[in-house]
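Quick setup: one chain, the form predicted on its own, written in structure tokens, and binding and motion questions come after.
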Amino acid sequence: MPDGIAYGGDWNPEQWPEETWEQDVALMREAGVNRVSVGIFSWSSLEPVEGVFDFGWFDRVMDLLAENGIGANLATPTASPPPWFSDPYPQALPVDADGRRLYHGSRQGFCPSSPIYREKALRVAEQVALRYRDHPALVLWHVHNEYGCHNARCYCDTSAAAFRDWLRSRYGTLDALNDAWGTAFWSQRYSDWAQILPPRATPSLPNPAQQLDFRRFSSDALIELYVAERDLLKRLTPDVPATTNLMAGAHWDMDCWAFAAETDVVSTDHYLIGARRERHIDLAFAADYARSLGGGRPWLLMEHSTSAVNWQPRNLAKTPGELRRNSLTHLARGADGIMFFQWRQSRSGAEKWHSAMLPHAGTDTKIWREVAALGAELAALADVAGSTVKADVALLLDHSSVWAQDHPAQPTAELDPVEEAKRWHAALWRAGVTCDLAHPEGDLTGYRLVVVPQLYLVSDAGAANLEEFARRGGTVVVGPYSGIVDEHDRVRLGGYPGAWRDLLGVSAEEFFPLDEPIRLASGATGSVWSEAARVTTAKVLDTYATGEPAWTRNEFGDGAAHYLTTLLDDAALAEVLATACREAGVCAVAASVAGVEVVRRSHPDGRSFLFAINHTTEDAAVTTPEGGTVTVAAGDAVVIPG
């Protein structure tokens, strides 16, 4: 199979007459495609009747790929059970929080905790593996597809029993669970495990800790399904790597840190959100997240779109050149594979208006010309494969904290931890600073600056990890509503921000959510949030009109920690982060040019590639770290080897 950058997309030949397959593969070669994902939604074609398998047509697909030098990300087709699954096994279908059973007719129609589903899924996965384990086209196992995209949580009785088993394993005793969940509140104390249910629809607010643990359980249930399939495949094909597409940065129902640890290579999907003002920066966030999930190793972009998608209120087509810029941004930020959904645009079905590499209108189109040109460009950039991205800044993000803050009983509904994380990342992007994401308990060695935009929940280990980073000489910036509760969503007593009062040298006694923006002494604007705080050991750098601190800095060990008690406007936030970068010795990859993205990938032997991507409508001159100047035309991108 070809070396270099993997390029291609999902190929679904079962949707088309067999006479189109030869044409498809010929066009793939013309476009420079060297990898396709196959079999993702083929369960009903591979097993049309329960227990009866038909591999003849798929043999011809795999052989055609091998004959043309195209590798296969071979999927286990378990993301979409056939109609024959639903009729005899209704107890294996998902149930929502209101008790409604959801039926077949779309995809992912199964309860993740169902033993019946697992049995049928492992059976078809085993048949696929036995059939193709020695096939020359097989390059990678694509296990399932987009776990939890539509069935992240199931509330049926089977899930309830599995949830209770998960809780027994986590807590051991009912006394420990009652303590963790604070069940003395509202007379919720449990006297028997059988009394515990998923957080189904209730008359009032659900128990926050119960809701949080159910989110954790549900994520673990999906990971368990993946591991079961992966282990089966490893037994039969120990040398073939396995992955699944995580939807990192867009889908928050799974703990991607835990899931990524079970994959041989991190892969993800990314789709632009048309309503975003600077959607290319959101793309960069997702790419940095994917890279970080694998500890900085190269990763695979399993899906993105050539143009419009089909599932947003307004599905915007990509402008000329945007397909290339999007693809090169992922490549610049560590991807070793650029793939699309899908190869040939569907004629029927729910995704017929989702763009593809080969559109409805054929090859005399903008999309096809850009697809073919990108294939040639990626082939010329084959030496980029295997190189990595070095970041001096880490942004802390944890799914448990996001889930805990998602409970409706919060001081304000206007705090969104994911959007705030993206806003801080965007400020660093505009400054030309490459940023990793990190788990609060992860290894922070090697970073100069760690930023914590909004981490409502943090464990004792995570809290100590950040303190130790600062103590060793690192610089920290913490945003409001961080360090407030422990891993069970119990308030850390003694004043806010509970976990990090000593680190930050600040103590707050009360939150004051804002109904309108307020002006700070510096002229900056704060919005959404403020706190009645006082400094203990910190120095005040900016205040509210009342004199209470809005921005503080505290020396801690050999390092320092900044704290913000409000959501600063974008310009003021940028200044705070610029101050912290200067203090930590963090520099931009190249001299900052507004709207131009500059990222470097490097090999251990010193070879490097500087990517400069111009997202503006004006030509831009980029000064490289070596002192040269490169002009990047409007909407263009250049890759400079070094």
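One-based numbering along the sequence shown. The shown structure was predicted, so the numbers you read here are calculated from the model rather than taken from an experiment.
Another form, the form predicted together with a small molecule, is not on view; read the next lines as being about it.
Asker: Which is the contacting stretch out of 267-275, 208-216, 440-448, 378-386, given heavy atoms within 4.5 Å of the small molecule in the predicted bound form?
Answerer: Within 4.5 Å of the partner lies stretch 267-275.
Asker: Within a 4.5 Å heavy atom cut-off, is Asn145 in contact with the small molecule in the predicted bound form?
Answerer: Heavy-atom contact with the small molecule at 4.5 Å: present for Asn145.
Asker: Hey, in the predicted bound form, is Trp57 touching the small molecule, heavy atoms inside 4.5 Å?
Answerer: The answer is no: Trp57 has no heavy atom within 4.5 Å of the small molecule.
Asker: With a 4.5 Å heavy atom cut-off, would you call Phe41 a contact of the small molecule in the predicted bound form?
Answerer: Yes, Phe41 sits close enough to the small molecule in the predicted bound form that at least one of its heavy atoms falls within 4.5 Å.
Asker: Would you classify Arg107 as touching the small molecule in the predicted bound form, given a 4.5 Å non-hydrogen atom cut-off?
Answerer: Judged by the heavy-atom cut-off of 4.5 Å, Arg107 is in contact with the small molecule in the predicted bound form.
Asker: Given that the small molecule is left out here, which of Asn245, Thr475, Ser292, Ser113 has a heavy atom within 4.5 Å of it in the predicted bound form?
Answerer: None of the others qualify; the residue that does is Asn245.
Asker: Can you work out which of His330, Arg553, Arg344, His354 has a heavy atom no more than 4.5 Å from the small molecule in the predicted bound form?
Answerer: It is His354 that has a heavy atom within 4.5 Å of the partner.
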